[in-house]
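Here we start with a single chain on its own, the form predicted alone, put down as structure tokens.
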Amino acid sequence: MNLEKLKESMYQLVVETSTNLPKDVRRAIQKAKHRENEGTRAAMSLATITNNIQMADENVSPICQDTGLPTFKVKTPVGVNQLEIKEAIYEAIVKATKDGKLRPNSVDSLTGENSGDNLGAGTPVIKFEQWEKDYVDVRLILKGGGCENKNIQYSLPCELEGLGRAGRDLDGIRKCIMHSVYQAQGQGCSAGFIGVGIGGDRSSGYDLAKAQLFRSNDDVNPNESLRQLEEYVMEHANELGIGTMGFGGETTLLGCKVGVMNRIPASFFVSVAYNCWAFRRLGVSVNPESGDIQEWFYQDGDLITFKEENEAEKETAAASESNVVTLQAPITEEQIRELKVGDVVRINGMMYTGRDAIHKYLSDNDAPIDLNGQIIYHCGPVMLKDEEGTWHVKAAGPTTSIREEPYQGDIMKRFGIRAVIGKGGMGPKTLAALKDHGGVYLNAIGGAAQYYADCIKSVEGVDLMQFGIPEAMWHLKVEGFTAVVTMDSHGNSLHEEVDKSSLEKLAKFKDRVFN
């Protein structure tokens, strides 16, 4: 095989997967968008999402800033050198990271050190399989951490909140899948896609679940029982009312694919792999002699660019400017107390990124800057430095906030922080601190990395770079950065409301037996 050509092909696959959403995913998002009622939070979120898809297309930049754990599934004819393919994939990953198409995401689990190039023990994941066909099949999924953290595995029989006992049968499996959608809420960047694996052991069950994500969203399951199960879940999961970003709405799930394998008598696992709306999954067939790409997978049908509807929505949005509250740091407590859940906020001026490492650091140390009245953004951006040494933001969507729950309230009160931006909401400890201190939680649209990068006008500085690019504290000057108040200083939480209402709706499916 021509190794240099193979490296080029693997680089194209990585870049396209990161920047170009597959056609089957675009179709699902467009259908969801048309189901929402105009003027709702869900409609606004989907408008931002489709705008972000268009921007990623035009800029050839990451749809989402979270590279996740790049996972390759490779099928090779007998006699093809798998070591060469692995080398080509490694070089493609390194180059794509250097070019700002991927965020450096490989971290030493013991030291916390970021490798800087997405290579390390176990990263990327490459799974090989031999087959009798005469071409190499390479598929890649970039599954971000927010949705990966909402994966869940059930051991049957078990008791499920809202649904009662789930037994070792199709009806028990149904309950597990419905519960998996409920427990994800908006934290995995809903509306999402799920892959389900029935059977196997703890590890093979999850492998089977993730393998379902490599199926086309438009395919039909050849197993009649599983086909009916998939259709049931798609119909009824969207009755839970969780909606896009967990804001409430008509669409909670965009796709459901189920696979089954044998198990041992003592174990009965149902494993669910949850994927966000930014379903970055592509594949290619490669000539085993030349290394050239012969065909792209998941690209059947017309390309939906969203360009025309995005332009129309911009005009509608301009007409409703009077409903938007503008904030600029430093923010006073009085300004915060005036905000309530549901308000749309536009931020101008400075904000500072802070993820897991920053929150742990601030719990034990002084802040490197004065944070009184300031805004913290839960974000690990994709950054590139030019020849003059100036940093530029290539992608900058929010990360899942609930990870910072142990720290957030204390840090806000200690340093005088008035607003936190993230996605998925936070828990009771933070909600109590917002009420006591006078703070607010702002939910940005998860996965909209290009949309928010466009709002960042300059990088004014950076602190704590020892934690690596995603975890450093970036000083960002923004203009027109829009988010929704979902937790206010009066003890109200949209996330609590949606969780409660969706649990009540979930309970209605307790006795709907599925055969």
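Owing to the predicted nature of the structure, the values given are computational and were not obtained by experimental measurement. In case it trips you up, residue 1 is the first one in the sequence shown, and so on.
The same protein has a further form, the form predicted together with a small molecule, not shown here; the description that follows concerns it.
Heavy atoms of His236 never reach within 4.5 Å of the small molecule in the predicted complex, leaving it off the interface. Using a 4.5 angstroms limit between non-hydrogen atoms, Thr251 is distant from the small molecule in the predicted complex. Taking the partner from elsewhere, Gln65 is found to have a heavy atom lying within 4.5 Å of the small molecule in the predicted complex. Within this chain, Lys95 is remote from the site of the small molecule in the predicted complex, having no heavy atom within 4.5 Å. Candidate site formed by Gly192, Gly246 and Gly424: none of these residues places a non-hydrogen atom within 4.5 angstroms of the small molecule in the predicted complex. Partner proximity in the predicted complex, defined as non-hydrogen atoms within 4.5 angstroms of the small molecule, places exactly one of 409-417, 396-404, 81-89, 202-210 at the interface: 396-404. Between the small molecule and the residues Arg103, Arg174, Lys257, Arg281, the one pair within 4.5 Å by heavy atoms in the predicted complex involves Arg103. This chain appears without its partner; in the predicted complex, the one residue of Gly120, Gly145, Gly162, Gly438 with a heavy atom within 4.5 Å of the small molecule is Gly145.
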